[in-house]
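First comes one chain, alone, set out as structure tokens in the form predicted alone.
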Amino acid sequence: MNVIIDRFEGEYAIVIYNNKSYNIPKILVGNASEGDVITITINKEETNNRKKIIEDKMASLFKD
């Protein structure tokens, strides 16, 4: 999914996606500028890694 940085307001980057604007924290766009296109992706591998870590922690907390 691509979003376009429309402008910055305070601590937020205002991005456009499907003709609607959304506020995202500026820190998430790094040193991007107005007009830059940002690609947002889903990282299934990292999601699965995090789920495994949580499952392991839960198992260690609730083991007999």
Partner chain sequence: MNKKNSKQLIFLSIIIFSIGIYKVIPSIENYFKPTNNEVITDGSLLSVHYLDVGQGDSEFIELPNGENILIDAGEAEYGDTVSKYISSLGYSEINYLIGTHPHADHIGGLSTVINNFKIDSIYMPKAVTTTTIYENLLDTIANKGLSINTGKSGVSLIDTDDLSVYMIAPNSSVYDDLNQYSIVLMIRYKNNKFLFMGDAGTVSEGEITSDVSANVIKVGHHGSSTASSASFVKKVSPEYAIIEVGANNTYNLPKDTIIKRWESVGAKVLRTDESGNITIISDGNNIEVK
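The structure presented is a predicted model; accordingly, all values stated were derived computationally and were not measured. Residue numbers count along the first chain shown, from 1.
Keep in mind the form predicted in complex with the partner chain is missing from the figure; the text below concerns it.
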* Look up in the predicted bound form whether Gly30 has a non-hydrogen atom within 4.5 angstroms of the partner chain, and give yes or no. => no
* Do Glu9 and the partner chain come within 4.5 Å of each other in the predicted bound form, heavy atoms counted? -> yes
* Asked: Can any non-hydrogen atom of Lys20 be found within 4.5 angstroms of the partner chain in the predicted bound form?
  -> yes
